[in-house]
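Shown below, as structure tokens, is a lone chain in the form predicted alone; questions about how it binds or moves come after it.
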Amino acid sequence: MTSARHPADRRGPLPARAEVVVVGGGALGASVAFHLAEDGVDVLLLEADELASGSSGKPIGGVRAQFSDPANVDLGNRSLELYEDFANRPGADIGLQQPGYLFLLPGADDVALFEESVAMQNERGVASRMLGHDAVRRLNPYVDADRYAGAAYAARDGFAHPKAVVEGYAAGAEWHGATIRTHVTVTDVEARGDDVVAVWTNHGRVRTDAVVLCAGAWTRDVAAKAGLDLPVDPYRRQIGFTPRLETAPPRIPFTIDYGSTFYFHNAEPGCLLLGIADPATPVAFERTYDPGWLPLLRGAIGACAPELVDVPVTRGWAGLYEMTPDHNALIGEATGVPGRVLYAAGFSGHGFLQAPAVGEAVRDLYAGRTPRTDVSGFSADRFATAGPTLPITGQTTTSPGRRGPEANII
């Protein structure tokens, strides 16, 4: 069992050298650091703020394996396995709950699309299934089931607490010998000839052989310091919380209206979490909660779950999605730049749920092994060679206004 360190313990001097420097202390960076350290690599993780202060700071994060392409299904499914074993390895309580994910499908075309995805998911070991109206009502009595043409559900999916996951991986990495330093900003990546030789920071220089970029919404800027173009843009996403309701909510799945992107599920005892993606959100590093989104949220609630349309929203939270042009992750080792620069970023809303499997994959890429989960389709080279809309093999591409079952709507 790992034990957490006090934040002050992570603000000491930088080591003179580390075999690998991981940039970013969110779920992805912490997972990468843990898996590398467990594999015997000398790791230094650098975070510009506190751990989980960026996209991984959200109070609750969904975990699922329901996607429309094999690559994302495999990452989600493997990550579920690792989250289920998190209490043993690395050793922490992450508040994992598995009430399932319920996708509500407005039209017949949506049902047909999800039927294809469910068949593919079943072939890959995911026990998802299509549901009728009566089953939807039993799972979530708030939903106006008659307005939907159908639904898809996987009982193993659910949610957990991202901050607990980050701290669990960080403490586990430290137990295996990694060093973690917070409030350290990377200012440059130094290369000589064909090799990366050092990372420069606001606290000095660290010699290294390799860099792994896991800086979330800030990845584009950090990547540029290594001579790499990673197309990642920040978009604000907001969630709201009800107070403790007079009639305690039943246990419901993580429920998503596929048409509007509205979603809701249980939060603290007696409370619900509510969210929706605002299609008018601009590209910006804006993390201030704005109650001006509530009319959009109310409209979606009224259409999906009329009983909740007047429920009070007493507090909210805003964070950043790290979006790529095709809404799929960037995972791989850079080409065309000096030395070894690896990356895991741009997850477009599902970085937390895929973080465990991605940490394994980056560990194996660094070691020269074939990853257990195939991530070759996530290489950033897809944008350089075929334009920004090239899908991963088997992927259903989507526009910002219409997202597939792999969608980054939460």
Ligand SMILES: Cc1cc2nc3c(=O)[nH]c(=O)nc-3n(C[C@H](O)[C@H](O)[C@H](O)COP(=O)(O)OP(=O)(O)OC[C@H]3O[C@@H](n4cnc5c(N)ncnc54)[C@H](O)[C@@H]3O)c2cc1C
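Numbers follow the displayed sequence, beginning with 1. Computed from a prediction, not measured in an experiment: that's the story for all the values here.
Separately, the form predicted together with the named molecule exists; it is not shown, and the next lines address it.
Checking Tyr321, Phe262, Tyr153, Phe114 for any heavy atom within 4.5 Å of the named molecule in the predicted bound form turns up a single hit: Tyr321. Contact annotation: of the candidates Trp175, Phe86, Tyr142, Trp317, the single residue with a non-hydrogen atom within 4.5 angstroms of the named molecule in the predicted bound form is Trp317. Contact with the named molecule in the predicted bound form, defined as a heavy atom within 4.5 Å, is made by none of Gln121, Val126 and Gly359. Using a 4.5 angstroms limit between non-hydrogen atoms, Ala215 touches the named molecule in the predicted bound form. Among heavy atoms of Leu28, some come within 4.5 Å of the named molecule in the predicted bound form. Looking at Val43, you'd find every heavy atom of it more than 4.5 angstroms from the named molecule in the predicted bound form. None of the heavy atoms of Thr373 is located within 4.5 Å of the named molecule in the predicted bound form. Of the stretches 375-383, 51-59, 362-370, 33-41, only 51-59 has residues with a heavy atom within 4.5 Å of the named molecule in the predicted bound form. Residues Gly349, His350, Gly351, Phe352, Leu353 are the members of 348-373 with a non-hydrogen atom no more than 4.5 angstroms from the named molecule in the predicted bound form.
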